[in-house]
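In C-alpha cells, the next block holds one chain alone, the form predicted on its own.
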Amino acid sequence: MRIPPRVSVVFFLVCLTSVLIVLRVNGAQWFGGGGPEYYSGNNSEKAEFYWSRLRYTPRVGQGGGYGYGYGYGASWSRDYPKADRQFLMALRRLTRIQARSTEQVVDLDSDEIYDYPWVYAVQVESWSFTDAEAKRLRDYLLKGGFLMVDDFHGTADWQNFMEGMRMVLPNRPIEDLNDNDEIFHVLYDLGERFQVPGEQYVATGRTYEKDGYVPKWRAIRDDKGRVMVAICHNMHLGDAWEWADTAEYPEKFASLAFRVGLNYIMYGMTH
C-alpha cells in the first residue's frame, strides 16, 4: 500500500521530534556527564601518541556548560571533542607521529594520567584540586609529563589559575618564553607570533577577551630546564582548531594555532 506524501512527512517529523527529545534529555550524559567510557575513544587502537584532555572539578560557582564542540559539558570540555579531533587530523596529516584518531579524557583521581605523557587543559581559571589531585599532577609533571593550558583571559582569570597552579607547583617560577626558545622551533619556526582569538572574533573583530589584551606565552620548567607546563594566556587556540573548517574564521589564526600545538607535542615527545 502506498503511503500518501502528507502522511510520510508527518511520520518523518514525529520521528525527528522523538530524536531531538532524546538528545535533549540524554545529551548531558552523552556529552558532558558521561563516564570515562564515552571519552576513551577506541581503546583497542594502538598508537605512539594519545591526545588527552584533563577533566577537573570546577571551582564553586564556575564551570557551567560551555561545550561548543558538539554541544554540552563543563568548563574542562570547552570545544570538546571537535577541537581535539580536528587537531588530531592535522597531527596525523602533518607529522609522522602515529597518533590515535580519537581523544582521551584523564582524571586526577587515579594513576591513569601516568599513561599519557601529554595533557591539554582549558578554562583553567575555573579548575580546582584536592590535595591528593594536586600531588598527583605534580608527580606527573616531575616524572616527565607535559601540560598545555589554554583559553583563559585577563587579570582575574590569571589569579584564579594561579591558585590551582600553586597547589601543584608551589615553588616553581613562571617565565615568559622568548622568541628563540626551543619549543617554538622544534618543528615550525614560530619566532613571530600573534594573539589567536576565539570564535567571538567573527562577530566582534576583537582578538582579546576581558582585559587580556596581550597574548602571554609562558612556561614552568623542571630542574633540568625542560618546559613541563606550557601556558597560553589571553588566547584561545582550541577555538581556532574547532572553527578551522569554518570559512568565516580567518585562516591565519587557525594556521598559527595548529602549528603551536604541533610544536608543543613534538617538544613534549622529545624532551
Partner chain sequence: MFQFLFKYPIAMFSRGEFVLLGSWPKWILLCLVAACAAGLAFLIHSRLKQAAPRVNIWRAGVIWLLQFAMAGLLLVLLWRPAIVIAELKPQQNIIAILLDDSRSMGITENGATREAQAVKALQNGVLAALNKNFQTRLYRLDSHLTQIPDLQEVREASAPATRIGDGLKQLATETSGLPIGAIVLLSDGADNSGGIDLDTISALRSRRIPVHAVGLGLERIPNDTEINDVVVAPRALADSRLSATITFHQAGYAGRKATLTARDGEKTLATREITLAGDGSIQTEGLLFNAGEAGAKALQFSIDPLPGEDNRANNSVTRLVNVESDKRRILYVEGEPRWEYKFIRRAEDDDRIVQVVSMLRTTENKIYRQGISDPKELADGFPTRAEDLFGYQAIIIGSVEAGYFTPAQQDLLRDFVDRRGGGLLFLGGRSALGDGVWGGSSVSDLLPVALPNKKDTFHRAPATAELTPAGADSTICRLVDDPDRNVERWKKLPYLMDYQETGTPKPGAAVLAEMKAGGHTMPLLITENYGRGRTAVLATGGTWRWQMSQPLGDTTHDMFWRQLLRWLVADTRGEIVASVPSQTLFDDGHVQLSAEVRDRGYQPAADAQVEAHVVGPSGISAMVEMSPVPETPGSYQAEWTAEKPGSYVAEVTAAQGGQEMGRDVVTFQRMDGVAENFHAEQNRELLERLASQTGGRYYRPEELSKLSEEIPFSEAGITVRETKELWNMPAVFILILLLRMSEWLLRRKWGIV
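Numbering follows the first chain given and starts at 1. What you are looking at is a predicted structure, and each value in this text was computed from that prediction instead of being measured.
Form predicted in complex with its partner chain: not shown, discussed below.
Taking its partner chain in the predicted complex as the reference, which of 156, 94, 162, 177 has a non-hydrogen atom within 4.5 Å? Here the answer is residue option 94.
If we take heavy atoms and a 4.5 Å cut-off, which stretch out of 142 to 150, 191 to 199, 163 to 171, 100 to 108 is in contact with its partner chain in the predicted complex? One stretch meets the cut-off, namely 142 to 150.
In the predicted complex, residue 222 touching its partner chain (heavy atom, 4.5 Å): Result yes; residue 222 sits at the interface with its partner chain in the predicted complex.
I'd like to know whether residue 89 contacts its partner chain in the predicted complex, with contact meaning heavy atoms within 4.5 angstroms. No, residue 89 sits far enough from its partner chain in the predicted complex that none of its heavy atoms falls within 4.5 Å.
Looking in the predicted complex, any heavy atom of residue 186 within 4.5 Å of its partner chain? Contact with its partner chain, yes.
Is residue 226 close to its partner chain in the predicted complex, meaning a heavy atom pair under 4.5 Å apart or at it? Residue-level check for residue 226: yes, a contact with its partner chain.
Heavy atom within 4.5 Å of its partner chain in the predicted complex: which residues of 103 to 129 qualify? The stretch 103 to 129, when checked against its partner chain in the predicted complex, contributes 114, 115, 117, 118 at the 4.5 Å heavy-atom cut-off.
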